[in-house]
Each structure stands twice: as C-alpha cells, then as structure tokens.
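In structure tokens, the next block holds one chain alone, the form predicted on its own.
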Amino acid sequence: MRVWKYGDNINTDMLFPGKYTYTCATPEEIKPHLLEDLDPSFAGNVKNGDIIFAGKNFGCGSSREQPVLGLKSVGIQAVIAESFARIFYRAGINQGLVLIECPDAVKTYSEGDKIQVDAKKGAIVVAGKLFSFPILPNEILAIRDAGGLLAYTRLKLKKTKKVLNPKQHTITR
C-alpha cells in the first residue's frame, strides 16, 4: 500500500481535469487522467489499496462524478482528509468511496510512516499512534461494500423482492 499526500483545497479539476468531462465517462477512460495536473505520476503508479491523505476542503469545485468514480475504480482504500467539500463527500458515498475526516492523522503522517485504517472501528494508526474518528454508519459501510449507492439500492430491492412493472407503473411483491 502506498500513501499519496496532498495539501488543502484540492479541487475536482485537479482530481480529474474538466476538459475531459464530456469525453470520458467510464472508469477506463477516466483512470489515465486522474490527478494529471496535480501529480502526473499518480495515474501510472496508483495501486489497489492505496490511501490518499489530504488537507482541508478536499474535493471542492464542481459536482462531477468522474473524480470520485476514478479514485474508486483505481482501488483507493480511503481518502483521509482534514475536511471535505460537502458535494464531494456525498458523491463519495454514492460511489462507495470511503472518506474519513481525521485532521490529526493527516497532520501526523510523514512519508514512509506505516498506516492502518479500520473504518468499522473508527481508527487510524499512523506510525504507531492511534487516531479515532466517528465510526461510519452501517448504512454507509453497506453502500461501500455493495460498490456504491446504485448497487446498494438494487441489492435492497432484490432483498425486499420488489419489482417494478413498467406497464402498470406499480410495485409488486
């Protein structure tokens, strides 16, 4: 696992350049352009299970889904920041990307430190120091585990055996 560390106010255009908004929609199209203006080495070197540490207001800017979809698709385990822009935070939940606010862990981390993250227990260990954050609600973890809000909703509908009949516009059980 590698840790990528960035500063404050990393906006969505830095995460995924706006010039590709209408030409890249799938994870495969998005991946090569992730962070290309902020960190050109990111897209070619990021691996499944990597973590991003960031400062304040991570994900500010526009409400495009591509930055979150891209980070999720390359396997980012979690983004740990001092704070998140609200719209990015919601997009992260929708895509099943784990976003954790833990300013002290971010400020403590130095390159090369060993990191452990336990989203279910609300704990981050940085270089042997334990930091707590509010435990993520079970619903948020279920959305993450399902692969995002759309997949979670489909799973819930299957479990309740509700089927939409498009001809009748009714829900039957």
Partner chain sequence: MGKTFAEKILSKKSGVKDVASAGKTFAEKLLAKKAGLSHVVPGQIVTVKPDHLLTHDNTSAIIGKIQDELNEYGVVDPNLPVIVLDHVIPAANEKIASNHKKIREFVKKYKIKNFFDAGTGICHQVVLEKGFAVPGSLIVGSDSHTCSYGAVNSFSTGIDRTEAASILLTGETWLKVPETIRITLKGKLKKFVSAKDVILHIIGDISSSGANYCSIEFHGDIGQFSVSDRFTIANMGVEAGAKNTVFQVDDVTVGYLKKIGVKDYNPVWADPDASYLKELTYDISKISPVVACPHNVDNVKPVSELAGTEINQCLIGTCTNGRENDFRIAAEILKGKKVSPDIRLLILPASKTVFENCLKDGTIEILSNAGAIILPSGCGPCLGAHQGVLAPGERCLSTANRNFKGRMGCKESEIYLASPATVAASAIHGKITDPREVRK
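Residue numbers count along the first chain shown, from 1. None of these values were measured; they are calculated from a predicted model.
If you look for the form predicted together with the partner chain, you will not find it shown, but the lines that follow are about it.
Colleague: Could you tell me if all three of Asp50, Asp113 and Lys129 have a heavy atom no more than 4.5 Å from the partner chain in the predicted complex?
Modeller: Answer is no for this spot.
Colleague: Counting non-hydrogen atoms within 4.5 angstroms of the partner chain in the predicted complex, say which of Ile143, Ala105, Val46, Leu34 makes the cut.
Modeller: Partner contact (heavy atom, 4.5 Å) among the options: Ile143.
Colleague: Among Pro27, Pro134, Gly147, Pro40, which has at least one heavy atom within 4.5 Å of the partner chain in the predicted complex?
Modeller: Exactly one listed residue reaches within 4.5 Å, namely Pro134.
Colleague: Hey, in the predicted complex, is Asp118 touching the partner chain, heavy atoms inside 4.5 Å?
Modeller: No, no contact at 4.5 Å.
Colleague: Does Ile93 reach the partner chain in the predicted complex, with heavy atoms at most 4.5 Å apart?
Modeller: Because a heavy atom of Ile93 falls inside 4.5 Å of the partner chain in the predicted complex, the answer is yes.
Colleague: If you check in the predicted complex, is Glu101 within 4.5 Å of the partner chain, heavy atoms only?
Modeller: Answer yes; at least one heavy atom of Glu101 falls within 4.5 Å of the partner chain in the predicted complex.
Colleague: In the predicted complex, is there a heavy atom of the partner chain that lies within 4.5 Å of any heavy atom of Leu97, even though the partner is absent here?
Modeller: Heavy-atom contact with the partner chain at 4.5 Å: absent for Leu97.
Colleague: Can you name the residues of 65-84 that have a non-hydrogen atom within 4.5 angstroms of the partner chain in the predicted complex?
Modeller: If the 4.5 Å heavy-atom criterion is applied to the partner chain in the predicted complex, 65-84 yields Glu65, Phe84.
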